[in-house]
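Shown below, as structure tokens, is a lone chain in the form predicted on its own; questions about how it binds or moves come after it.
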């Protein structure tokens, strides 16, 4: 029997959190070996297990996978979250890439200096409410189904709900004008596996605070 996937990343959300959400949705258990210091990171690099000298890295099925999208795509294919044909996969990729653009801003804003941080939060909220969330509301309205693609849960749905939760940390009412997104959030949040993931004590990581920012700067030297 294959062992559990093993994650190598710092003890924070960052680019690994979307992978945590994905595996939580399908109820797959995994283990994490956290990087706490720059020495931990340099050890991985010197061991030659990071193809591009970067994390996240996941050990799974005899592979050492790097690059977040590659990791997400592998697990999505493995656990049937990637559509039934090429057209559905293209839509799922399109939706996921749009969300990745917004998520990248969310990952990086805690590291912005004062003034810049507030401006970027305002920009994220503006893009969420005027570009991204209206687009996904329109998709759900266009076909009247429960999920974005093929009326079946896909990685795009999971990424979208993760992003809704992220943005609600900045504005609790950010999807107030998007009833179909509200329904999707409820639908996925009520899944037993996600409900468990959303409870305290799960492997879901908390928001990045100042202590986490300082730790990340020390690990990655930036």
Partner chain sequence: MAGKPVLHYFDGRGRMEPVRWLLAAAGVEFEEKFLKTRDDLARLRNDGSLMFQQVPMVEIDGMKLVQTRAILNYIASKYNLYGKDMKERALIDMYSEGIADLDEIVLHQPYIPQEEKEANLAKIKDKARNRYFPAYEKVLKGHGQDYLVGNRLSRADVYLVELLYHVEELDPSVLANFPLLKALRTRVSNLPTVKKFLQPGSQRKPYEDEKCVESAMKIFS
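Residue numbers count along the first chain shown, from 1. What you see is a predicted model; the values in this text were computed from it and never measured.
Separately, the form predicted together with its partner chain exists; it is not shown, and the next lines address it.
- The closest heavy atom approach of residue 66 to its partner chain in the predicted bound form falls within 4.5 Å.
- At the 4.5 Å threshold, heavy atoms of residue 61 reach its partner chain in the predicted bound form.
- Contact check for residue 119: no non-hydrogen atom falls within 4.5 Å of its partner chain in the predicted bound form.
- Taking the partner from the other structure, its partner chain in the predicted bound form has a heavy atom within 4.5 Å of a heavy atom of residue 54.
- Remark: all three candidate residues (70, 90 and 93) come within 4.5 Å of its partner chain in the predicted bound form, counting heavy atoms only.
- Residues 69, 70, 73, 74, 77, 78, 82 are the members of 68 to 83 with a non-hydrogen atom no more than 4.5 angstroms from its partner chain in the predicted bound form.
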